[in-house]
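Okay, here we've got a single chain as structure tokens, the form predicted alone, with questions on binding and movement later.
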């Protein structure tokens, strides 16, 4: 089942079912929003799956992914991990960071009351902040009980999504040194237009990981196509880590962290910071700058046969409107 949220004048939008080729859509009956569906997944999901069947026969209306909101425009909780060893090892080497303790995933809790739509302009305060994109995969769960094992948590993964976790790199080190986590360095994330149930990935949903490449382009030029499978921890283990001392509410979104591979020189990267780190190792200094206002980033993951999956994130960075003095 594929799901999207279209604007209807409310903050949460109107939930729609989407055909597998992302060509057609129809309003979901019985659940007005994705949050409502997640709150009663067992009762509502089978009903919506039957409603989706006519779309494959040409029913519904044309679907334009660029008009969609984020599938879950606001969530009760956004958790982001750093689950790709190659990315973490590279950052540790270049910046002299301490290795993460073994067996303990890196994870933080970020802004969740706003997820940007896939084609929205992204207003940010200043180019001097080091504007960076971060291509990720993510999952959305229903209620995960406190103390759930990884196997138990896996049964609560209801949807898989594609995310751009925007970062302001110049601000991140300042906030990290406080020990209180990120606020200014982490603006709202973006989501691709369509959330999918894990079965839509077929064999590419493997060990609670997305076994597919995430294609990233910056200003129309290829930037990376790293594979999503080489996570140290699958999404099931990450959810179990998060649920150690608290239940996770239905509608929790959890990200993988920047998709990264050990052969980054071949496959490229999913964020500018990683490319800059590679340049620092190879040339002694970073050569690639961060994003400028007017720049565009595009991210898309398809099945290996070319079938569209989440649709594309395609966004432009713009200066935030200044309040009058």
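Just so it is clear, the model here is predicted, and its values are computed rather than measured. Residue numbers count along the first chain shown, from 1.
There is another form of the same protein, the form predicted together with a further copy of the same chain; it is not shown, and what comes next is about it.
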item: Contact stretch among 228 to 236, 197 to 205, 183 to 191, 214 to 222 - heavy atom within 4.5 Å of a further copy of the same chain in the predicted bound form; value: 183 to 191
item: Proximity of residue 242 to a further copy of the same chain in the predicted bound form, heavy atoms at 4.5 Å; value: yes
item: Residue 75, heavy atom within 4.5 angstroms of a further copy of the same chain in the predicted bound form; value: yes
item: a further copy of the same chain contact at residue 174 in the predicted bound form, heavy atom, 4.5 Å; value: yes
item: a further copy of the same chain contact in the predicted bound form: residue 93, any heavy atom under 4.5 Å; value: no
item: Complete contact of 104, 109 and 129 with a further copy of the same chain in the predicted bound form (any heavy atom, 4.5 Å); value: yes
item: Residues in 145 to 173 with any heavy atom within 4.5 Å of a further copy of the same chain in the predicted bound form; value: 145, 146, 147, 148, 149, 152, 156, 168, 171
